[in-house]
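Let's start with one chain on its own, the form predicted alone, as structure tokens.
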């Protein structure tokens, strides 16, 4: 059995859904198809929730009606028969009736998660209507029946495996299953989600649960590129990555893949393919256990970084000083991306500033604290980079005219990261593209 996940742009227009239907019927292998919400829907649902949270019910109502009108038009383009159009509109009306009901009740976080779930629920049901019209045998597998997270927002893999196995066994003759990405139930049994980009996570978790032959992630780009194609024009797809390399790239900014989506497939050794819905014949990128070759594969950039420098000649060499620093970040559940030390200072970076004020207050007694905002981590990713004797020379030759605030080297065989001002991110990516790959 294979898993095929299609993102919002892959189902965002009726003709895209037509194409998805063609792609999932190209072979006879049993498959589970994981769909995101139609492109733009999640943003619209977030805006509805924000309006409700702010007490602006009039704005929320206008957004709901605008989104409903979009879905009515979508159905007209998707379905040809009057019977299926009527069925699809009945389905969609039920979801928008729910959204209208929320205008009359007290808003809270649990309700907001119910709102966000509507996109995936509608996209999968509409797609099933189209499959029905095409006469393609299928079964809708509700993600809320098997996808779950615990009190720490971690997926409950054994439970997912057990529940989805039971669901599949109830329909042994079926070869095609449709399910939702992103949405799940939490430890309280409430509707919840796997956060933004979570459809990739859903697909990988499902692939692990059913021991899939492959997990295909279909987007609007032909695989993982060696640099950011939105900034650097001369990029190229990377045909082969190891799980470790792909995980580093996803974590440090490669937008095509959700960072969390690697580990379930990696843990159960399920190959992952990144493919292009618009160019299905393109090779894309395959992610496997082992690297195809050593050396640099790609560059990624992660924005929204804050650098904190704690300087204390009195305490740095004292026993327990680093522990005290890390305990502050642990207390506020804030992950550290990079760290460097000298005889008199420790510098760290974070990408979550939710508790920055509290963290700063608790770090100040430990030494002189400097906070530098608007930074970007640029990561060079490949295999056995620390064993490449001339890599650092090539890297810093390329960055000769760019000020570098931090360097992380040696902590991983697969990653060398530098910290630069965000204003210089584009220049940095272009310089590395030329210096490391010989591409302008």
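Residue numbers count along the first chain shown, from 1. Since the structure is predicted, the reported quantities are computational estimates derived from the model, not experimental observations.
We do not show the form predicted together with adenosine-5'-diphosphate, though everything after this point is about it.
Of the residues given (349, 227, 179, 118), 227 alone sits with a heavy atom within 4.5 Å of adenosine-5'-diphosphate in the predicted complex. With the partner omitted from this view, the residue of 174, 255, 324, 289 that lies near adenosine-5'-diphosphate in the predicted complex is 255 [heavy atom within 4.5 Å]. adenosine-5'-diphosphate is not shown here, and in the predicted complex it never comes within 4.5 Å of any heavy atom of residue 284. In the predicted complex, no heavy atom of residue 19 sits within 4.5 Å of adenosine-5'-diphosphate. Though the partner is left out of this view, residue 218 does reach within 4.5 Å of adenosine-5'-diphosphate in the predicted complex, counting heavy atoms only.
By the criterion of a heavy atom within 4.5 Å, residue 264 is excluded from the residues contacting adenosine-5'-diphosphate in the predicted complex. Judged by heavy atoms within 4.5 Å of adenosine-5'-diphosphate in the predicted complex, the contact stretch among the candidates 86-94, 128-136, 227-235, 329-337 is 227-235.
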